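For reference, the chain that follows is the form predicted alone, supplied as structure tokens.
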């Protein structure tokens, strides 16, 4: 079990000082837990013995084991396809059916990991016309971000997909105002420049960050007000984005259906302005 999950599971039985320690750890997870026990104690304003009792309460044998588990999580979150690949992986039935079954299992996990209340809350945020929506993803995960932005633009105005060139990012930051949404997609082998963008948008502009990421959590998480945890492990050399796409399609479909009158009128206006196919061929 991840250390974060251990902390969350034990939250209801924590003392006031343990809750303070938990908040310190989760605010800069997992990096806060990699400091010495003395430095962590000073940061959280708790004693070293209190930290030892906290570690025991979450089911670990000591601070060294606590840190070993955090380091293992960090390494797992940075694994490349070369490290993930297993030559001895069993395939049940035909390859296609086996792969689809694995993806379907992960979609179910995603459905269980995201509560209905959180899903509804994010749909409301993405629907509010007073908020502009800015969307960006990583090297590969930007395909999910583009899918989201394209369908949102069909349903509402004020949706912008941020290009991958960092040279144009200041233009989009200048467009943002406090309360606007920056929806970010970042899966393992995270991009450091996306975390910098999130920090700048949150601290300088006051944008609200919604993050779609995996169970190891992108560094963007420390700046996010909403985190959508999506499983990506397929058991093959490539991580699967099928669950991320399913969650994305659920979001945009719910938003379009809940605001159908506006969506219908916008699609009609959009289609009326599309260039005729015969003119495009010429």
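Keep in mind it's a predicted model, so treat the numbers as computed, not measured. Numbering follows the first chain given and starts at 1. Under this definition, the rigid core comprises the largest set of C-alpha atoms superposing within 1.5 Å between the forms.
As for the form predicted in complex with the DNA, it is not shown, yet the points below apply to it.
- Query: Quick one: does residue 24 come within 4.5 Å of the DNA in the model of the complex, counting heavy atoms only?
  - Reply: No, residue 24 stays farther than 4.5 Å from the DNA in the model of the complex.
- Query: Does residue 273 make contact with the DNA in the model of the complex, using a 4.5 Å heavy atom cut-off?
  - Reply: Result no; residue 273 lies far from the DNA in the model of the complex.
- Non-hydrogen atom contact residue 227 with the DNA in the model of the complex at 4.5 angstroms: Flag for residue 227 set to no.
- Message: I'd like to know whether residue 249 contacts the DNA in the model of the complex, with contact meaning heavy atoms within 4.5 angstroms.
- Response: Because no heavy atom of residue 249 falls inside 4.5 Å of the DNA in the model of the complex, the answer is no.
- Exactly one of 37, 232, 32, 70 has a non-hydrogen atom within 4.5 Å of the DNA in the model of the complex; which residue is it? By the 4.5 Å criterion, the partner-contacting residue is 37.
- Task: Would you point out which of 239-247, 252-260, 52-60, 24-32 contains residues with a non-hydrogen atom within 4.5 Å of the DNA in the model of the complex?
- Result: That would be 52-60.
- Message: Need the contact residues for 1-16: heavy atom within 4.5 Å of the DNA in the model of the complex, sequence order, or none if there are none.
- Response: Contacts from 1-16: 15, 16.
- Kindly check if the Cα atom of residue 266 is displaced 2 angstroms or more between the shown form and the other one relative to the superposed rigid core. No, the C-alpha moves less than 2 Å.
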